[in-house]
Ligand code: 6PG
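Okay, so here's just one chain, in structure tokens, the form predicted on its own.
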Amino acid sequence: MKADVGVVGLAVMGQNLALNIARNGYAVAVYNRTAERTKKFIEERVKAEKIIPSYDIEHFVASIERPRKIILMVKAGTPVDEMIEELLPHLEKGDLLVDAGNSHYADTNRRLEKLSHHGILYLGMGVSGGEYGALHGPSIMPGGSLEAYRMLQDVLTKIAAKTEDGPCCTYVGNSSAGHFVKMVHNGIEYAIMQSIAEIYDIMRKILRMSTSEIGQVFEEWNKGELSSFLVEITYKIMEYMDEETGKPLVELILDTAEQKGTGKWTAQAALDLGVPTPSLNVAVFARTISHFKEHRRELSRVFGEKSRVTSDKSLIKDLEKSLLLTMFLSFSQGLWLIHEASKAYNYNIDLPEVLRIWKGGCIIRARLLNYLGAILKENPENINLLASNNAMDFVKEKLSSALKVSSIARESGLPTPVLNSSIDYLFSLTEENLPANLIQAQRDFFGAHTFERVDKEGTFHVEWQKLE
């Protein structure tokens, strides 16, 4: 029996993706550098699925039907390059390699160029949905040549999550478009997770709510406009009890958040392209600050006790609206970044299609995506979503609540960086005259950087002070 598809890398994500493909009617060849992991997978998880194990690269490649289609589920970075080098001597022109990890888009461009010289097709494919999604249906974001995508299209659309709008998989665009879109997806994810954490912090420290009460609020919110995967798992986390202590487990988890790099890459890409993504950026810094636990503990003693503002549960409605505002503006910033990258790198990305495939399977799936898609459909050039009366009415209706929550948090000494940066992002974009004229004058004063004027055309420089 020849396999239809090969999967390299049998950590949990690789195992689940292989099982997903096999359960959709395809024969799958699998390989892992550690043979023991392959053996354990076959013995413990494979049942009636058509899965062919291999314990060396040559056998693995030979077991796949030509032209070969091989999905790499290995750690991003050097391991991907090493695996490509290991596979390359056994591949033939017309074979397809698919990197389904969180690779940096620049690495994807480099690998595309290299493999094209060997006649090997390559896809950089973002996959979102975690371990559960990989098994039951993720959101899939492939980018590269359309020819390469067509080779695997049937498989990908079958294994992807499904919504009323179809499979959550589409050809995202040229070259590294798939990995770029997945990277920004993760940047938005960082911002939404941080904003949920900020709301949680206000609930427990200002409203003095128990973990159980907080969970009930998030569960109720998940029935309305805030319905989303991240809100759903938040209330489930609040309900989870530690077996050893009988306490809510979330209360026992150390407050240092890890990161793998996609949030940082998003911020770097935004700076490179000159796109404002403040909410996405500060979410990365919030995780960075969380790592200085001992330093924070020491400085909290030096600073002294903070005076917490007291508020009643009437604030909960304001918290709900604040979270809706930050979610909307996080998507606004992310979509703007994708749009500018598409122009700069010739990706040819269809933003409404990106929103469509994010509706199911992925971590940032949310009811709000239907609303965002409708705004874009109304005006495809409205790339940050704000250039419509409908969208502006939405954010203005939430703004007074966000200002109230931000003020109470500030008076209480609670950091709410995503909320505050979202408000400033909105204020900045809706302010006709910013104080950047003074900055430009300062630059010209000390560095002769020149400036433009509002009353006539041209570029100008003046001697702000006489040189002796």
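All figures in this text were calculated on a predicted structure; none of them were measured in a lab. Residue numbers here begin at 1 and follow the sequence given.
Keep in mind that the form predicted together with the named molecule is missing from the display, and what follows is about it.
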> Using a 4.5 Å cut on heavy atoms, which of S311, N102, Q153, S145 is close to the named molecule in the predicted bound form?
Replying inline: N102
>> Just to be sure I understand the contacts: of W358, F331, Y190, F218, which is the one whose heavy atoms reach within 4.5 angstroms of the named molecule in the predicted bound form?
In response: Y190
> So in the predicted bound form, does any heavy atom of S128 sit within 4.5 Å of the named molecule?
Replying inline: yes
>> Whether S116 contacts the named molecule in the predicted bound form should be assessed with a 4.5 Å heavy atom distance threshold; does it?
In response: no
> So in the predicted bound form, does K205 come within 4.5 Å of the named molecule, heavy atom to heavy atom?
Replying inline: no
> Contact between H185 and the named molecule in the predicted bound form at 4.5 Å, heavy atoms?
Replying inline: yes
> Exactly one stretch in 159-167, 299-307, 242-250, 260-268 has heavy atoms within 4.5 Å of the named molecule in the predicted bound form; which is it?
Replying inline: 260-268
> Is any part of 361-395 within 4.5 angstroms of the named molecule in the predicted bound form by a non-hydrogen atom, and which residues would that be?
Replying inline: I363
